[in-house]
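Shown next as structure tokens: one chain only, the form predicted on its own.
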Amino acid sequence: MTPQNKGTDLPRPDPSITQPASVSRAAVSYLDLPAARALSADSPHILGAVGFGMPRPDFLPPGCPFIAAPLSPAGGGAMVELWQSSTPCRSINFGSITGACSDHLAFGAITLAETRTIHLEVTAEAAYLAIFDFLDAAGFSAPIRFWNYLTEITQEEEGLERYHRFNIGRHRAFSARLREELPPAASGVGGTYGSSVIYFLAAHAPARPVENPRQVSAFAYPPLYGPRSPSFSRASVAHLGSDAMIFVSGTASIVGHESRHASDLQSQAAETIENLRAVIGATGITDFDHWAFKIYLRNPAHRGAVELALIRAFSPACQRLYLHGEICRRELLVEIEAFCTATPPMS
């Protein structure tokens, strides 16, 4: 059955619009409920919202895309990840994807329809194919960032780890539909309750992939890590007019392709931060603005130690969201992703 467009029937965004003044810039905010309520009043500029430790809040406008992630804040309570555009957005739902777009950016989300009789690679492939159908319908050709939150990520499903099965399905979909040679930035983290979800950002032009000189590219991992390597780049840079958005994928204590410092939180945090510095340096951009870090902790009690290390390495002014999640390797205790905007100097 061909999925039907259930969003507002408006003209597609015009990819020919290239004037810097009209280009929509993305921003992310990590908010508690009162702050999210206040910021959501500017609903025409909301691309999408992600809830941690909460269902859809009643203050979001009816057309605003929302996905309930299967992770909770490390300190308890509830938090909202709110993506906004500097230009107005409109909802555009298609098939199983709920989303919105501005003229230059799109947000979408899907809850995986898992059953005990269908392996995760089949469900994951179907979800990613639905995402590409959504992007075609919305008039966007280039996914630039994915978040994959999978329940029971390291549990075995008939003899194969669920994360490995997910990588098979994602690889199949990318092989069939991804137009770029290299995959975009992504995070893959285990949820602790609820349903597996995927959400994403897309643009008209692909982001520039960036690799970490300290690590083997994830998509080139040896077979030790499953039948198919994970399909993501370590980071990517998306240019919109004179601005750049830097997306750093989920980053952990891995050097080459091997995990380092098993069970040693302090050393893992230091190695992870060294990897963040390395991949940020590899982007070639130095004029960063408004860093936002999302930190995944296997043990929520580790928040204080990781916070201290992160603030020392970067700035106390950066945004930080700490979540309780299962890292995709059992020996790893912490994973950190990052986002910021920059205005590169004119060449």
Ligand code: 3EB
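As the structure is a computational prediction, the values presented were derived from the model and not from experiment. One rule holds for the numbers: they count along the sequence shown, beginning at 1.
Keep in mind that the form predicted together with the named molecule is not shown, yet the notes after this line are about it.
With the partner omitted here, the residue from F134, F232, F247, F107 that has a non-hydrogen atom within 4.5 angstroms of the named molecule in the predicted complex is F232. None of W83, F200, F94, Y163 but one reaches within 4.5 angstroms of the named molecule in the predicted complex through a heavy atom, and that residue is Y163. The stretch from 74-82, 113-121, 191-199, 247-255 that comes within 4.5 Å of the named molecule in the predicted complex, counting heavy atoms only, is 247-255. Mapping the unseen interface onto this chain, I273 falls outside it, with no heavy atom inside 4.5 Å of the named molecule in the predicted complex.
Among residues of the shown chain, T98 is not one whose heavy atoms approach the named molecule to within 4.5 Å in the predicted complex. Using a 4.5 angstroms threshold between heavy atoms, A186 counts as touching the named molecule in the predicted complex. Although the partner is absent here, N212 sits far enough away that none of its heavy atoms falls within 4.5 Å of the named molecule in the predicted complex. Residues N148, R170 and E335 are all found to lie within 4.5 Å of the named molecule in the predicted complex, as judged by heavy atom distances. Contact annotation for 26-53: no residue has a non-hydrogen atom within 4.5 angstroms of the named molecule in the predicted complex.
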